[in-house]
Each structure stands twice: as structure tokens, then as C-alpha cells.
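In the form predicted on its own, a lone chain appears below as C-alpha cells.
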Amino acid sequence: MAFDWQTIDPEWSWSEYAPRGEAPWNAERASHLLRRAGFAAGPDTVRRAAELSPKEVIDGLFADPPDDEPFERESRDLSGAVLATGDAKNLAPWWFHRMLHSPQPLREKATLFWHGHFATSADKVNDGQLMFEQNALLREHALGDFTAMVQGISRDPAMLIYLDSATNRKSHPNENYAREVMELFCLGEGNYTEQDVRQVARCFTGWEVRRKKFRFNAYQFDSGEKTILGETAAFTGEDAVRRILEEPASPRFIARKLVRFFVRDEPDAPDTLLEPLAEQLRNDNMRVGGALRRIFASRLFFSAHAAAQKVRSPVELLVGLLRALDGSANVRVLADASDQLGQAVFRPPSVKGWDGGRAWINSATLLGRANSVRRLLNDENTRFGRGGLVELARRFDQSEPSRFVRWLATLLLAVPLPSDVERQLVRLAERGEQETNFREVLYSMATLPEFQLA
């Protein structure tokens, strides 16, 4: 039977989840939260989360790191080395290093979300410094002020180049960015007219890139009156963004995108279910953190309507596999594997980003996913807890074959293992050399249909 959002009560959906008999707070639900609000978490992190309350775990996900966070210093050093090469292709391994090791997985997950939302490709921009700076802009505002993010992305040099807005002149306004800022970034189809597109394009005339920086060229700016979404004034580009975000459709549009990315792939949620989140965004002046907290703390998020209702993207599959097992790997291998599976970070396929959901899965990509996991497990640089799988399992007293299989399933799967599959995996774990067998169990589990679900 097809899922019907109309049967779900919005008040129930966004009320706070409270652990109870039929829905206890345990390792499985902690894993679900950490998988969706990040890329999965290792055994120690899951155990500690299960010992806290859901609110305490969510608070931790939103906590800001200290100014002297060692990981950030390491990441800055790595980015300096990457940018010194001048090759934008080297940015992908750098970002995989962040996603794999960052102590702020929610911020990285949200940055990935916004990268797909404000999609910009290095294939056209072809400047590693500009793509890096856009990535930093998205990360800075990923859990914060959406208005500031749209204002920033509107004058971002990489975006200006990607959507041809850097050549927007008053004598010949370019409509590319004007259209996308309404259709894809802020409002959605049906909430503006072609006349609005033409008028907004005039607002962004004179916005240029000089020496890799944004520059406003007053001589090329159309300073006349424009009518945008029913309001007439001598709008500037900043004014146009403000006017667009004042539309009631804007918070609903962003709420729908957040629910699709963090809760359930399909079908799209109706306005009635989204309205409480949209109202939260309005009340928070379009700061997204409150809406995200409400999503992660909700009864809907911890219900069967959300669990296992998303398909893992290639990034989520590869990074999640490693983070769930305290893993590390050659990040260039990870970036190449994700690229081959259809998710090349810094190179989305179009301004619409990645379709996601079921689009990730077909007979070819399923085989490709299996092959990518195999190559990752066979790579000599892949470690689990700085050693092997057996060593990691022993550290957590999970090295007995049946315990090992159930332990992996808790960490990696969003749904229970079928009993016959569990028996087959246990038999596989019992044969021959243990490290080899355990890696075969992990590979086999990662190729299951259940593993494709987040």
C-alpha cells in the first residue's frame, strides 16, 4: 500500500518523542539519530548516546566546537596543501576527510545538504580556491541563518561564475541566477512569474568577480524601479533576496527540503504537515537550527514512517560504513568510489543537484556499490579502530560470531536482519581465518538490500 502523508497528524508528527514501552530509547534509536544527523557513529558513541536522553544527544550534535579544536587545525593545514596544488579535483578527498573524522558530523551532513541545494560544479568554475570558499560559506551557515546564506551565495564568486551572473549587465540582464534563486533555492515552481524573473535579474546587474572576489560595478547596475512579487521599489540584489524570502512559500519550501533529506525520501510532504516547521522557521527569522532540532526530537522522526525510509547516498554509504566502525581509509579512494557511484562532491550533475532517493539505486549502481565496498575492504589503508575488525570486535566483547553479526547489524542497519540471512552470516563468520571471515561478513552485509536504507 502506498504511503499517504494525509493520514499523519501534523500535531502528533512534530510533538516531542518520549521514550516509552513500545518505543524505548536504546542503541537502535540512537544509531538512527546519529545516522541521519551525521553519517553514523562508532560503538562507543552509540553506547554513550543510549545512556543519555535524546535531548542531551541532540544538544551535543548542535554544540559548537572549541576555538582550538585540533581537528579544525588539521583540516586547515590539509586544505592549505590542497589549494597549493591549484587543482579543484583535490578538494573532494579533503572533504571526505572532514566527513569521516569531524567531531561535528551534523554540520558536515548539513553542509552536504546545502551543497546539493545550492549546487555548483568545479567542472565549470574550475577554480579550487573559489569552490573551497563556497564550501566554507555553506558550512558557516549550515545550521544557522538561511537569509545570510542566500545573501552570501548570491555574491559568492563560484556561484556568480556557475550561473553566468558575473556577466549580468543593465543593457542585457542575465536571468539564470534570478530564475534559480526563486525556483531552486527559495520558493519552488509555481510561486513566481516570468515577469518576476526578469525583474529580479535587473536587481543583480553589475555584480561581478574581480581577482576572485565579488565586486559591485555601479556603472552596470540598473538602478530603476522593479516590481517583484507584487512590490515595487528601486530594488538592489540584496533587496531582491529579502523580498523573495518574505514570501510565505519560502519557509514551506525549505521545510519540505529538510524533511525530504533528513526524514523520508518520498512522497513529498504536503503543506499541512510542513506548516508547523514553516512557522518555526518564520518565528526564528529563517534560522534553520530550530526546525532541525524539532525534526530530530519529533515523534515522526523516531517512528516507522521515517526509519529505513531513505536510500543511502554514495557518500552516506561509504562514510557511514567507516564511521560506524571507527574506520579510516584512503580518502582519495573514497572520493573516487563516490564519484563512480554517481555522487561526485564539488561536481553535482546540474544546478538541481542530485535527485537522491530511489535514483541512487538500479542494477548497475547496486553492483557498483558492492564493488566499491570490496575495494575499500581490500585496501591496505583501511583500518577499523586503527587495526582490524577482529581487534575492534574484541575490544567491545563482540568477537563471538553470532554476537559479531548482531553487533554489526545494530551499528549498520536501519532494519532488523532477516533470520535466515543472519544465520548465513554467522556461518560465514565461523569459517577459516577470523579477520578474513569478519571482513567477508561486513562485505556481505554491506551488499544487502537492507544496507542501502538509512
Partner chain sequence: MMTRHERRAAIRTLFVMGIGAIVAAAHADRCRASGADDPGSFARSAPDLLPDTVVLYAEIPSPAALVARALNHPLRARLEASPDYQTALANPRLTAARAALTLFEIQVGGDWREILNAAVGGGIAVAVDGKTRGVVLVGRASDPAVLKKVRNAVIRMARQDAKQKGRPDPFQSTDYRGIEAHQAGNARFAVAGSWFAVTNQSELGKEIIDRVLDEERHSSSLAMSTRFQEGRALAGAEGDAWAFADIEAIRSAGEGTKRLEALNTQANPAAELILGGVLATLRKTPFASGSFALTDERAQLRLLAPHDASWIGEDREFFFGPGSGGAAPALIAVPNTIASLSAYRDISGMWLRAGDLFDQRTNDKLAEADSNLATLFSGRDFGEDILGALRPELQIVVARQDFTDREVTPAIRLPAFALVGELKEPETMQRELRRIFQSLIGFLNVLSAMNGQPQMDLGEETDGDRRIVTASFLPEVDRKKGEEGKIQFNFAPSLAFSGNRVILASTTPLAKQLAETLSRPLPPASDPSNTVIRADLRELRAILDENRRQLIAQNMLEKGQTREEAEKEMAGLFALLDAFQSVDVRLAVGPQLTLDMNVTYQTDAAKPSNE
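Predicted model, so just to flag it, every value in this text is computed and none were measured. Residue numbers count along the first chain shown, from 1.
Keep in mind that the form predicted together with the partner chain is not shown, yet the notes after this line are about it.
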* Asked: Within 4.5 Å of the partner chain in the predicted bound form, heavy atoms considered, which of 148, 136, 233, 84?
  -> 84
* Structure fact -> Heavy atom within 4.5 Å of the partner chain in the predicted bound form, from candidates 273, 161, 78, 229, belongs to 78
* Asked: Is residue 282 close enough to touch the partner chain in the predicted bound form, meaning at least one heavy atom pair within 4.5 Å?
  -> no
* Asked: If you check in the predicted bound form, is residue 225 within 4.5 Å of the partner chain, heavy atoms only?
  -> no
* Asked: Is the gap between residue 142 and the partner chain in the predicted bound form 4.5 Å or less for some heavy atom pair?
  -> no
* **Contact of residue 47 with the partner chain in the predicted bound form (heavy atom, 4.5 Å)** => no
* **Joint contact, 126, 380 and 383 to the partner chain in the predicted bound form, by non-hydrogen atom at 4.5 Å** => yes
* Which among 404-412, 383-391, 26-34, 50-58 is in contact with the partner chain in the predicted bound form, heavy atoms within 4.5 angstroms? -> 383-391
* Relative to the partner chain in the predicted bound form, which residues of 210-232 have a heavy atom no more than 4.5 Å away? -> 211, 212, 213
